[in-house]
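Here you'll find one protein chain in two forms, each presented separately as structure tokens under the names structure 1 and structure 2.
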Structure 1
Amino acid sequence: MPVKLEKLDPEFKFRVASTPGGENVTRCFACGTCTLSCPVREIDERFNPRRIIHMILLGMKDEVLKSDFIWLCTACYACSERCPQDVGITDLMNALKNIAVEEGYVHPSYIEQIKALSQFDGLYEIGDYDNKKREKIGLPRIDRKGAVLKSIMERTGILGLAQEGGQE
């Protein structure tokens, strides 16, 4: 896939480097140690830390921030432990996620989690059936109405982000 020069952002690498977690992005010399030790890479070809760093350094801002692959990191730190240049791939992925959210790009799975948390004060609703099962084994009922987390999310602006659905 050809890259158009006018779409590149030469300042992107500096923005990443100035974000906590992305400080060492320019140290990478593409040795591939991070890619070889990544368990996610074994499952999904799209997650290639070396390729992601290369895209950052080239200034491919939109391709990086709008992608699904920055959200795939499982934070196992295998790549960070083995990196000879101390790039800290896991922290770098968190920095990229933070920049993506600042730019209005949020992975749909996070939006659904925000919606669930605001509705149920948890990731899923606890209904009567679940509460009856809990009572049978001696556990207390859970009556979540979404009031606690919803008010926090409204005050921080997170709920507004979920209602907008993020940018495409």
Structure 2
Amino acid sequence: MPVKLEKLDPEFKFRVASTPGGENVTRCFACGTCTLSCPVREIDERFNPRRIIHMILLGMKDEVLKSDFIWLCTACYACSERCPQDVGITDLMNALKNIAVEEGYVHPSYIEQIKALSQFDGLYEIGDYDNKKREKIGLPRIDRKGAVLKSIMERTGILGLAQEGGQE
């Protein structure tokens, strides 16, 4: 995609750098170790960590935040372990996703996860069926009280995402 100078946001990299996980983004000297280490990049060229970092440094805010590729990081930490500049790319990818969420771009799969967590305090319900199966093979029952994470997510404003998402 062509870079349009008038559309660049020079402040974007500072916003990323002030978001937890994004602190070291400006350290990148574009060696490409991240991209060569990335198991997702090997399968799908849309996800290219060096390219994403370069886009941040250029200020391509909308192209990054509205993209589908920022959600493709598996958080395997292969790039983070090898980065000679200690950019902390896995955490940086989370920072980007966090900013995207603030801007209203949240991947639908996370809405579902927030809903589950707010109901079950975990991603899955441990219902009667599961507890029967557990007891049958000799595992103890688990009776979570629930709603603990709901109140945490309510306070941090995350729960609202699921409610807005639910009305759509």
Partner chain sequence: MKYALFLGCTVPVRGMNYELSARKVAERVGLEFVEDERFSCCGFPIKAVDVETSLLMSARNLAIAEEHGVHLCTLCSACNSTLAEANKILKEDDELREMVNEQLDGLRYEGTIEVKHFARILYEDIGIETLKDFITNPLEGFAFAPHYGCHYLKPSEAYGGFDDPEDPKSLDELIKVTGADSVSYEEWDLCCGGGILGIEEDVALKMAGKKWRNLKKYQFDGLITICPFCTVMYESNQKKVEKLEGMEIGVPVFYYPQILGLALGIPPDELGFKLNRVRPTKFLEKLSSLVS
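We call the rigid core the largest set of C-alpha positions that still match within 1.5 Å between the two forms. All residue numbers here refer to structure 1's sequence, counted from 1. Model, not experiment: these values are computed from the prediction.
Structure 1, rather than structure 2, originates from the form predicted alone. Residue 158 is among the residues whose C-alpha shifts by 2 Å or more between structure 1 and structure 2 once the rigid core is aligned. Relative to the superposed core, residue 64 undergoes a C-alpha shift smaller than 2 Å between structure 1 and structure 2. Remark: with the core as the superposition reference, the CA shift of residue 51 between structure 1 and structure 2 stays below 2 Å.
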